[in-house]
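In the structure tokens that follow, a single protein chain appears in two forms: structure 1, then structure 2.
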Structure 1
């Protein structure tokens, strides 16, 4: 049966058809929906792990337990999982292990544009790259076969366009292999130096075997063209751009397996065309591979290493020029992302700005606290870095810094990688003030559960981590909870904890305003007779508030009645 599926949906279908039994991931756009869709199949156990490292290590254990396992993450998540990844390359697996990494060219929802293909080369693991939904399903099934044939985890790299675009997929039946019995083998799985040094030659032999496989693999295909004066080497989404822009004008070597590359196949293809051009997004990885093979090649002299490609860019560089277009007569107004109406983080960020504090920020929807008019965040580096960064800052910036600097971090991010930073603060005695923004959900990737919500991936009740008890167990004696809708309470808590001579944690607790179970108050209204047009209420940047004809206006369709703006009005005009 054929169905229209996104790449992520098709990926999950591939897991199901391949007989995968264990799925463990951490949500990260654009990979999140793979695991969410996998959870819909009762034959597969699926979970959210606290972070990507834990997820991948759990998959290793599931593999030793004899069942095929999958781990999904975005590109920066692979940084977190890199420790087990590199050693898994040495140990190999028992039942198949497939790892999806979703890159984000254009940084639609990320803090950098790193190219995960480097990880395949550095860890010496095979990497597949599907170009549409059907390939996402089929490559996933093949990846498990390769994993077990070559005794290796297999990386599958997708990007935002493949993950979220839809195309036709023909579904098949599930075929679940028999459980592989566990066999005790310390020389394979205990990576102490004496054993690990014997595994390295096995990794290199596997690399050679995979390179030989790549030469005849159906993953790599040549499509002939009318004009052999130029040949194009490409993969993944870039292949789709090439075909849309140029059709069958030039021969195309499409790589579905981008590491190891089929060296002789590339040489043979280059010999049949006049000019070899590599079309790839981000870094010149395939281009460099060609140069290593001694080939003359063009690539990044034509295409930027920044952002995404497109059919128009391909046409401009390799076709007959980009199609003409008509510019708009009037520029469209900018629409920067903002915190939602009623967002519980807004009141807390207003408090931080009002007190003119230096704020070490973190990764989450609350990162939008850095934007105007709140402008209440000074740094954002990576998951968990706010607390660690604050600790280092306080050790070097002088004693007065402790009274005017805080760290903010979300509940999910705190459990992902912030708790170790808090342990460091307690252990090395920084007078740090850490604010945990607990909105009862993982908001940044679309409302996924986390260990502090009390529900698992399938929505079933489960163990709920007590953040207050966890902070105290980490060595923090001063722990308090505030309601971020109460500006006076927030201001008092921040000032008191900044004045303390020891580490402290403030938990700003109120559920995300978009959660379906949250009951909202009636929207506020403006008494135009009382409103003097001072614009004090506009300081919080709420999308439900605007200013027209000299006074504030409330959009009743957006307002959730949180009352934060009314606390800023000196004249009682908002009620």
Structure 2
């Protein structure tokens, strides 16, 4: 029976049908649901790892243990996992290993727009690119076959429009291969120079073999068109946009395997058409492949390397133009994402703003603390960079900096890669004040468990890491916990720790207001007689608060009664 599945659900179904037994990932939009969905199949072991590097390394072990293994991540997660990735290319695998990397053209939920196809080339690994949910499932199954046939991990690149788009999928049965017995082979698995140098030629030979496979692989297909004056080389969602915009007007070579590319197939295709045009999102990677083959090709002279493509962009460049449309003349106010009503981060960010601090920020929901009216963040670079950035800053910014600069980092991000920065703070002695925003969940990606929550991916209770003890063990003597709903307590703690001459950690602890187990207080109400319209409460940017007819208004449908706004009211009008 056909089912309507997102690309990520279909990917998980592909893992199930392929007999995958081990899934380890770190959440990251738009990849997260692959692993969440995989966890719903009892036949597959699935876990959240503390970061992508740990996840991928554990897949290496699971493969040696004899079972098919999978690891999924967002594009920037592959930066974290790049270290094992490049050498896994040398060792190869035992049972199949498939790695999903989810790119985010248009940056719907990411800090950059990097193109993961470079990684396939740099690490010399095969890469498949499905263009919809059915392909996400089928390519996953085929990827495990390729992995074992060619003794290589296989990368599958999806983008947000495949991951989070639903289309129809025909499901199949699970087929679980026999466990591959472990065989000791240091020349393959111990990558010291003497052994690794003998693996490199094997990697090059494998690339050549895969390139030959690509020529006849069912992954790469030519669809004929009516007009041969132009031919289009494309892949992934760009293929879907081309078909939507142009139908069968021009012949299309659709690559399901984008590394290595089928050189002869591309040459033959180019010879059959007038102008060869590459339609691809982000960087000119397939275009460069064509140029390397000595072909005359158009691509990024027509299509930008910024953001997403769309059917209209293709209609404008290669078709009959985009359909007409209309808009209001007046500019409309934007609606940026905001911290939720009752968000525990709000009180803490208000404290930082009030003290006019410089804030090294990090990756998570709390990055929204950078937006108006809180505007309490100065930097966001990558996972964990808040603490290490602050450390470097304090070494160069002069003696006053320590008393007016902090780092903020979420619980999950701290365990992902912040703890190494904290060790550096203690070891190399900077008087850093680090604030761990412990909302007891990985929030932005949609509530995933992590080592600090006490629950695993399957929702079962498990060992809960003690953040206070971890910080102390790293060498931090000043560790304290505050409730971010208590503005006075937050202010006192921040002032005291900034004044201390040694490094300190403040754990701002309260569970995310969206967690099901969190009980909300009654919504607040405004006493309009007491409210003088000073707008003091509006400084915290709560979406449940607005201002009408000269006084504050609480939206009782949104307010969860956290009481942070009432602490800002000098007139007792909010209660």
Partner chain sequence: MEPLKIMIVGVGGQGTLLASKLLGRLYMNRGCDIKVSEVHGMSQRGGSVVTHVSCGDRVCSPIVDRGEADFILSFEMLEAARWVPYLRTGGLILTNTRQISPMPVITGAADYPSGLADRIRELGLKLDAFDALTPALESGSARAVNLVLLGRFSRYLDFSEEEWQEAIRACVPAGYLEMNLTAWQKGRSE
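We call the rigid core whatever largest set of C-alpha positions still superposes within 1.5 Å between the two forms. Positions refer to the first chain, counted from 1. Residues that one form lacks are left out of the comparison. Bear in mind the structure is a predicted one, so any value in this text is a computation, not a measurement.
- The form predicted together with its partner chain appears here as structure 2.
- Every Cα shifting by 2 Å or more, across three or more consecutive residues, marks a moved region; comparing between structures 1 and 2 on the rigid core, the sole such region is 328 to 333.
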